[in-house]
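Below, in C-alpha cells: the form predicted on its own, a single chain.
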Amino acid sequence: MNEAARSFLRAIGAPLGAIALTMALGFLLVASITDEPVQAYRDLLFANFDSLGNFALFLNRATPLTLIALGVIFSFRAGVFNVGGEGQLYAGAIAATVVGVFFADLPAVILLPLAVAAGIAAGAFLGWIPGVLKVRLAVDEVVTTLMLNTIVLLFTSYLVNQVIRDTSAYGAVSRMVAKSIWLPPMPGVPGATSGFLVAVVLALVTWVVLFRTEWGAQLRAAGINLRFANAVGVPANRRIISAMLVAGGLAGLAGALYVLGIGHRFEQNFSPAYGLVGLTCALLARIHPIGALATALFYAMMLNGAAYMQISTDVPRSLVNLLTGLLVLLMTARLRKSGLRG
C-alpha cells in the first residue's frame, strides 16, 4: 500500500470510528428518553433519504459546510487558526447579491461569473486582512477574524435592511437576484443546488493542491515550522497570506452559491452558524479535504435529521448538539503515550 492510500485511510478511519462510537453512545441516551429509540434513530439518520425533497435539503446543507471546511483546511495547514468563516460566508453572499441585483440587465453569461467572482473576492478580502496582520504585525488571527465576523454581520444587516431590502417581502431580505443566473438543480435531484457538485470537485482539487504541488508543500512547511521554512528558502509569509486568501475565497464562494442556488436573495439570518460548523467539520476530519467532505455530509445529515426526529418522536432536536459535542470530544482527543513498556 502506497503512502497516498495510507494517508487516505488515516483521514477517513478516525472520523468513521468516532462517529460509530458516538452513535452507539447516543442510542443509549435516546433509549433513556423515548420508548421509540429505533424510530428516533431511524429518522435522525435515514429520513434525509425518504424522498427526493429531503435528500435535496440534505445536499444543500452539506454544500456550504464542505466549502467552509475546505477553506479552514488551507488556513490551518498554513498554521493560521482561522475562525472567520461566518464573516467570509456573509461577505460572499452579500457581494453576489449586490451584483445580481444591481446588474440584472447584463447577459447571464456575464452576470453569473461576475456574481460568483464578486463572492469569492469579498470572502478572499476578509481572509487577506488577518493574514497580512499576522505576517506583518504579528496580530493574533483569532482576534482579527472574530472581530471581522462581527463587523461583516453588522454591515450586511445594514445593507439588507436599508439599501437592498425587498419592501414587498416579510423580514430582512434583499431583492431577488436575476432569475437568469439562478444555478440549475442537480441532475436527477430537483431542489438540490448544483453547487454541491462544485464542492465535491473542490474537495478533490484541494487534496491535489495540498499534497501534490510544490505550492502546497511550501504552505504545509510554513504551517509546521515557520522559522525553519524561512531558513530553507520557502516564502512562508507569502504562503500564509495566500492560504488565507484561498480560505476566505472558498467561504465567500459558499455564500455566493447559497444565494445563486438556494435562497436567490440575501437573508439576514440565512446561516445556522455554518462558519462554526464548517470549522468543526475540518477539525473532525483532522484537516484532510476528503475527510472534511465526509464529516460535512455527516453533519448535514444530523442537522436535518434532528428536525425529522423531533417531529416523529418526543426526542428534542437539541440532542444533536450533545451528540456533535461528544463527537468533537472523541475526534480531538488523542491517546497519550505513557512511555512505559507493557
Partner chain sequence: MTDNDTILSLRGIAKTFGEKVALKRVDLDVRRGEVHVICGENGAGKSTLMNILAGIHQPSAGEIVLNGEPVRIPDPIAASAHGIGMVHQHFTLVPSMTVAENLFLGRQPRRLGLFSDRAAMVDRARELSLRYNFGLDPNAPVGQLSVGQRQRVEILKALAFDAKLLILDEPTAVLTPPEVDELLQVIDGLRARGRTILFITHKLREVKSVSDRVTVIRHGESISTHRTADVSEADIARDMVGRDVFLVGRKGDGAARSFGAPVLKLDRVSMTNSHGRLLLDAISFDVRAGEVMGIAGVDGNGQTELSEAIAGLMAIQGGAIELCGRDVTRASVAERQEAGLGFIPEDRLDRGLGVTMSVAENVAATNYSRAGILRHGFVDRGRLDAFAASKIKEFDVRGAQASTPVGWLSGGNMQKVVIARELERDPALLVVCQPTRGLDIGASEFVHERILAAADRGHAVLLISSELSEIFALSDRIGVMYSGRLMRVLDRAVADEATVGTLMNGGEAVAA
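Positions refer to the first chain, counted from 1. Because the structure is a prediction, the values reported are computed rather than measured.
The discussion below concerns the form predicted together with the partner chain, not included here.
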* Should Arg136 be classed as touching the partner chain in the model of the complex when contacts are defined as heavy atoms within 4.5 Å? -> no
* Would you check, heavy atoms only and a 4.5 Å threshold, whether Thr150 touches the partner chain in the model of the complex? => no
* **is_contact(Phe228, the partner chain) in the model of the complex, heavy atom dist at most 4.5 Å** => yes
* Indicate whether Gly233 is a 4.5 Å heavy atom neighbour of the partner chain in the model of the complex. => yes
* Structure fact -> Which of 155 to 163, 171 to 179, 220 to 228, 254 to 262 lies within 4.5 Å of the partner chain in the model of the complex, heavy atoms considered? The stretch 220 to 228
* Structure fact -> Heavy atom within 4.5 Å of the partner chain in the model of the complex, from candidates Val109, Val208, Leu197, Val143, belongs to Val208
* Scan 200 to 216 and note down the residues that get a heavy atom within 4.5 Å of the partner chain in the model of the complex; none is a fine answer too. => Val208, Arg212, Thr213, Glu214
